[in-house]
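Just the one chain here, the form predicted on its own, laid out as structure tokens.
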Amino acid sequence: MKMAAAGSLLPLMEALSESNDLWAPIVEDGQVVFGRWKGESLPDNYRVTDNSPKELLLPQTESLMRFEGVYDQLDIKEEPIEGPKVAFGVRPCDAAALDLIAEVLGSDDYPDERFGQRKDSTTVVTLACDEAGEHCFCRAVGGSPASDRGSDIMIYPTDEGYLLRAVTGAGQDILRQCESALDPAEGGDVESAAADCEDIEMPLAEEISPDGVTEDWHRVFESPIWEQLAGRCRSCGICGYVCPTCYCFALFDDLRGNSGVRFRGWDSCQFEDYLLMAGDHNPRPTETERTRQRFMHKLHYFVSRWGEYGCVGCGRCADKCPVGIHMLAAIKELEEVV
């Protein structure tokens, strides 16, 4: 157990940056985003970053390989993956989200090697929450403001400073690297600090539970609410882009004569051409089916396959949706159906 200097995590971040590629919440154009650290303290009063740290493991757009030639003369070169990173100041919901994505992209059946390599080489330093945001509801989906899931190091804010606890061996290594920037946690009670974070008020999580929707999904599937929500939805896809657990992507080839690049970029089930097939067939032709797919995936399909919700309750989708569609508000309406 260590305690960072009272009132500031900056010395610890400076020590980390000396031998690590450090990423953290930073301010850009008036927004708090997760990006490469610029040498400043963590922004004041941020709850979650406007984007999620999943971009470190699954970039929004990335080149996979370059190729040149034709047929049996084709020369293929895979694009290299960047080196190890430290993700600092990650919130518990986002750390848990990385674990959720790994359930899918790291599965033994069809492992995504690029995702797996990045995850294995990324150290996650999580900052427990001492206050819930306007749209936060992690407790409603099985999380907590002090959860250490997906974390290598936990940081708990206290009145005296910050208590640090290594969760994994990688976390212990990082703390040893930065020992000169930390003070001994004399009398520091990590269990008490964690309990204080656990007990923060989170009104949304107390009001609504998605359990009923998950268990009675066959009745929910035909609910008229999907058409009502779809009438507001603009299929912009922002909910999927800011979601820390969405992992869908599409592959593209950019050709220039006999050479080209294969790359992938995030996709969204809210896009009209998401499931468009050869012959112009689309099994989800309207916004109604696509809206239903998003909610059913998070609350039922993922649960059926992996045994837990495909949502961590960060609230970004509600915060960024231009027409105010809120996951928990929809659940509340669906509860009336079941």
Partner chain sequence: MDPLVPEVATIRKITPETASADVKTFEVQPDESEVFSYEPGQYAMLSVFGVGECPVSITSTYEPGAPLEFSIKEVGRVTGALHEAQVGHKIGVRGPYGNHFPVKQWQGRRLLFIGGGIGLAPLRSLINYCVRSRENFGELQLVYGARSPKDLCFKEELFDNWPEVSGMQVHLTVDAAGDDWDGEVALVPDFLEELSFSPDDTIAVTCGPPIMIRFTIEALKRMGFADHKIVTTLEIKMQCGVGNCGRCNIGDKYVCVDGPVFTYQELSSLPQEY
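Positions refer to the first chain, counted from 1. What you see is a predicted model; the values in this text were computed from it and never measured.
Separately, the form predicted together with its partner chain exists; it is not shown, and the next lines address it.
- Mapping the unseen interface onto this chain, residue 178 falls outside it, with no heavy atom inside 4.5 Å of its partner chain in the model of the complex.
- Contact annotation for residue 264: at least one heavy atom lies within 4.5 Å of its partner chain in the model of the complex.
- Using a 4.5 Å cutoff between non-hydrogen atoms, residue 112 counts as a contact of its partner chain in the model of the complex.
- Contact between residue 73 and its partner chain in the model of the complex is found at the 4.5 Å heavy atom cutoff.
- Contact with its partner chain in the model of the complex, defined as any heavy atom within 4.5 Å, is confined among 124 to 132, 243 to 251, 203 to 211, 147 to 155 to 243 to 251.
- For the residues 173, 189, 78, 82, the 4.5 Å heavy atom test against its partner chain in the model of the complex is passed only by 78.
- 105 is the sole member of 163, 194, 105, 140 with a non-hydrogen atom within 4.5 Å of its partner chain in the model of the complex.
- Each of 273, 277 and 293 is positioned with at least one heavy atom within 4.5 Å of its partner chain in the model of the complex.
- Contact annotation for 217 to 241: residues with any non-hydrogen atom within 4.5 angstroms of its partner chain in the model of the complex are 217, 218, 221, listed in sequence order.
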